[in-house]
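In the structure tokens that follow, the same protein chain appears in two forms, which are kept apart as structure 1 and structure 2.
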Structure 1
Amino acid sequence: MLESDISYLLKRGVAEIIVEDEMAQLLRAGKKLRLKEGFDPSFPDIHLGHMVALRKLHQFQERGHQIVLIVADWTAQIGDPSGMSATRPMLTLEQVKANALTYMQQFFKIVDKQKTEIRWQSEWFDKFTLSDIIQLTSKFTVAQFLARDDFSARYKAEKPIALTELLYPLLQAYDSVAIEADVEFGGTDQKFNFLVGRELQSMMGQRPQQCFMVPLLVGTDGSQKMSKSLGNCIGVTEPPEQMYGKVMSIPDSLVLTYFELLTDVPDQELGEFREGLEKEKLNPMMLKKRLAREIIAQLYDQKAAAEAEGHFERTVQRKEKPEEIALGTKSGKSLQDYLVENRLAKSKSEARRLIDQGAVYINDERVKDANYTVQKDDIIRVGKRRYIKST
């Protein structure tokens, strides 16, 4: 592999690699690496924040390396019995399988399904005995785990930490042993877990995995990491028009970061973008349009990207109504209920908030009465881009 190629893989869109020199040597040696990517099927949806690591995996996959996708079906069925973690609900096997199917459909929009090895945690953990668990826990101390930032903060604040929670890093680490991972991929928030995996492999006589960490993508609000629960995310299966509009809404300060982490636009061109913005020779809106096209073309195709741009220019920039407006459900309900029923709001409280904020229009008139009765053929708009026509 060319040094320039190795540099691109290890530098572009990368936060930290442990150990980078070792990683570079493996690539120079031409070894086919086993690349571990695990996911928690508690929540099935993938957004652009996840796409940062998946794009990097795909780059390695294109160069002949093996992606191993681990479905954490076993731990998902345990959940978090302490109730301390909202991200670990206890799931049934049926829920796990349904979420995993949805996740993989989105995962394979970015990586090649035919070249991906899929493994389920239950393949090895279903065979575990109490003796196996005790042997696994004996390899680490409580002090080591309390060094993790979130555990440390809760311990100092005298907040409870369930024993179950201490097991999760161990179980994730054993996944690396089970599949003999060469590299584990994920965000910087996974560093502790990755290092536990690296240490456990060494104890078990395996070569310790490399820890490949990508930056956490800031969401559309411009302040917090992209998260579905925070409502600042862009899902990889959202309609192209909606995706385009959300990309256009990100703060100007994030444009170059999004280009670096989510596109293949060359570094040299990104440098020209940076210089153009600094010298105010480039309009940030033009760059956002390019960014939106690049992202949508990856997840859909060039035609979808062009159509989404046309839709944005007509409905937002020229304030024209879309040529085709989706039909909603039957009229006669309150505006608040109608928004929820037609998925223009996730809940009645969100619907009321949108109405109170003046984000809801009916027939081009702003409406602030949540109890307004929706009439037949009303054209309802939420925000700048979301239209529906009542029936």
Structure 2
Amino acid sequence: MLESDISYLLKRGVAEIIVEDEMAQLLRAGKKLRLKEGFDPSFPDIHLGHMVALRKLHQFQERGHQIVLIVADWTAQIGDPSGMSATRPMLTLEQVKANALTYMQQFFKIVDKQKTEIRWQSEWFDKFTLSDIIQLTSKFTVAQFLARDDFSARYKAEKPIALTELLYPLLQAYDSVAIEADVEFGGTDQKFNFLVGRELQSMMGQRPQQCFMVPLLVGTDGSQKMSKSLGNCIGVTEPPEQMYGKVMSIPDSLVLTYFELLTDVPDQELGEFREGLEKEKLNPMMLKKRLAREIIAQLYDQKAAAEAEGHFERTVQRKEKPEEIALGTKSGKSLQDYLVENRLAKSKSEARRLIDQGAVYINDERVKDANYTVQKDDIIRVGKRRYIKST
């Protein structure tokens, strides 16, 4: 394996590797590595934040390494009730299976299914007895676990920590033993769990796994990590036009990071982008358009990317009407009622507000009269991009 290739694998879009030198050695030795990736079936949807690690996995896979995907059907029941959120409901076996299926459909948009081994935690944990659990727990101390950022912060803040939560890292660690992982992949927030795995493996006579951590992707809001519960994410199954729009809506300051983490655009070109932005020779909008195309091309294809761009240019940049306008209900009602009926407003009050604010247009003319009677074939627009045609 070429040194430049190794360097690319270990540097591009990587936050931290424990231990980086060992990792490089393993690659130079040309050994086929077992790459562990776990997923919690309580959240089956993959977004661009997850894609960062998955892209890395794919890069390794292309170089002959073996991905082992672990369906964490046991740890899913423990959950991570961050802060105030309600205790996660226990999933039934059927739900877990359904979620796993959904997840894998998305997972295999990014990695190669043929070169992936799928394992379920229940393969080993179903056989666990109380004595196994006691043995496992006896290997670590409370102090060790309280050292974890999240736990110590909560402990200091007098916030609850469920006992089962302490079990979470342990179970995850045991997975590494069960599948004899060489490397575990994930975001930097997984560091503690990865390290427990590393330690447990070595206690149990295995070679400790390498911990490969990618940065957490910042979401479309530009400040917090991308996550479904924060509503700032772009899902990998979203339709291309929607994905395109969401990429365009990320803050300009995020564009280079996104390129680095989510595309194969070479580092050298990224340098040019950076310089262009600093000297204001490049318009961030143009870069974001390129970014959106790159991402969509990976998840769909070039054609979809081009179409999504066309759609964006027409509807957003040139403010043209979409090719197809959804048909609404029968005309003859007041505008206010019509908006509610067609779900362009949640309530009559909201409809009235929209009208008062000048957000409602009929056939390209702003209408301020809530009592306007909707005529047949009126093209009603609310805000910048919601259209409906009356019937």
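Numbering for residues begins at 1 and runs along the sequence of structure 1. For clarity, a rigid core is taken as the largest C-alpha set superposing within 1.5 Å between two forms. Small disclaimer: the values here were computed from a predicted structure and weren't measured.
Of the two forms shown, the form predicted alone is structure 1. Relative to the superposed core, residue 341 undergoes a Cα shift of 2 Å or more between structure 1 and structure 2. Superposition on the rigid core between structure 1 and structure 2 places the CA atom of residue 382 2 Å or more away from its counterpart. Once both forms are overlaid on the rigid core, the distance between the two CA positions of residue 369 between structure 1 and structure 2 is 2 angstroms or more.
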